[in-house]
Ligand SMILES: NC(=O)c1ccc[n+]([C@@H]2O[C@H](COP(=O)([O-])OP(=O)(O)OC[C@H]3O[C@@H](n4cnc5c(N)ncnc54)[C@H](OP(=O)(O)O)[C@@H]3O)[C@@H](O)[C@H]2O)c1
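Starting off, we have a lone chain in the form predicted alone, written out as structure tokens.
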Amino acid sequence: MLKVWIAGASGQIGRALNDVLDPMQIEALNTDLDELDITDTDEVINFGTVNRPDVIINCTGMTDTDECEANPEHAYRVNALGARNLSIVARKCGSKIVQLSTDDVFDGQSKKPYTEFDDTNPLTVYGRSKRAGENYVKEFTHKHFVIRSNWVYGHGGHNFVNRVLAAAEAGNGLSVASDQFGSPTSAKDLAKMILYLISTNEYGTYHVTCRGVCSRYEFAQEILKLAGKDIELRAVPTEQSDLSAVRPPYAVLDNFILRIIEVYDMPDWKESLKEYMDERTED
């Protein structure tokens, strides 16, 4: 039985991991802020020493970009020092560690998808604090998987899909950015990929997104189509949009390593979105 510590278990990726893991094979140690503060070094080390996990998955994070800009010290405390603390435990226990990261470590100025070998150049506090977290994990542990994804949505998350649907329910029109590009990625597909990777020794940095690229506007169009909602949708620049904070304009990640090691293929973003919307309907 593999013992897996999921830090940040109530977030959308933590929830997805619990939904897809096999409880006959994996014992999940679920913690969130109520149970454990990952910024408290002693608390984290004590929990790790007592429970001795085989794998630590860091799903925690301060992800609100505006909040990060307003409170950079707290952003670094959670996104960087939290990752450092979990890495200390991983090294102490000989555990594998999964650090979830983001496309925001890049500046978004590229005209082609970013590979894992491209230089990072974050322009926001969120992106810089997440890069600092990545660096701590790489510095403290060798059995690590740093996984960057983007436009992630899942159950229970304050994400773009749920916000578009909330606006539709309220009958409000939406102005959505047509100049931001990315690959919408289901938390469930990301969770499956994480569970696959931790069963291997293929350590390193990975880009993991669903296949295909779209603008935020096209993403919103597909969400509304699948939901059978008809509201006024306006394509606008980011500065005029209702739902998009200023983020890297070109957030497209190339799953380069996954492709060259030929072990795992992510589904198309439209297929994954349909599956998620079908599950929402069933709920």
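All residue numbers are counted from 1 along the displayed sequence. Because the structure is a prediction, the values reported are computed rather than measured.
Unshown form predicted together with the named molecule; subsequent notes refer to it.
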Partner-proximal stretch of 254-262, 219-227, 52-60, 234-242 relative to the named molecule in the predicted complex, 4.5 angstroms, heavy atom: 52-60
In the predicted complex, the one of 124, 180, 87, 150 near the named molecule [non-hydrogen atom within 4.5 angstroms]: 150
Triplet 113, 186 and 266 all within 4.5 Å of the named molecule in the predicted complex via a heavy atom: no
Exercise: residue 36 in contact with the named molecule in the predicted complex, heavy atom 4.5 Å: yes
Proximity of residue 100 to the named molecule in the predicted complex, heavy atoms at 4.5 Å: yes
Contact of residue 27 with the named molecule in the predicted complex (heavy atom, 4.5 Å): no
Contact label in the predicted complex: residue 78 to the named molecule, heavy atom within 4.5 Å: yes
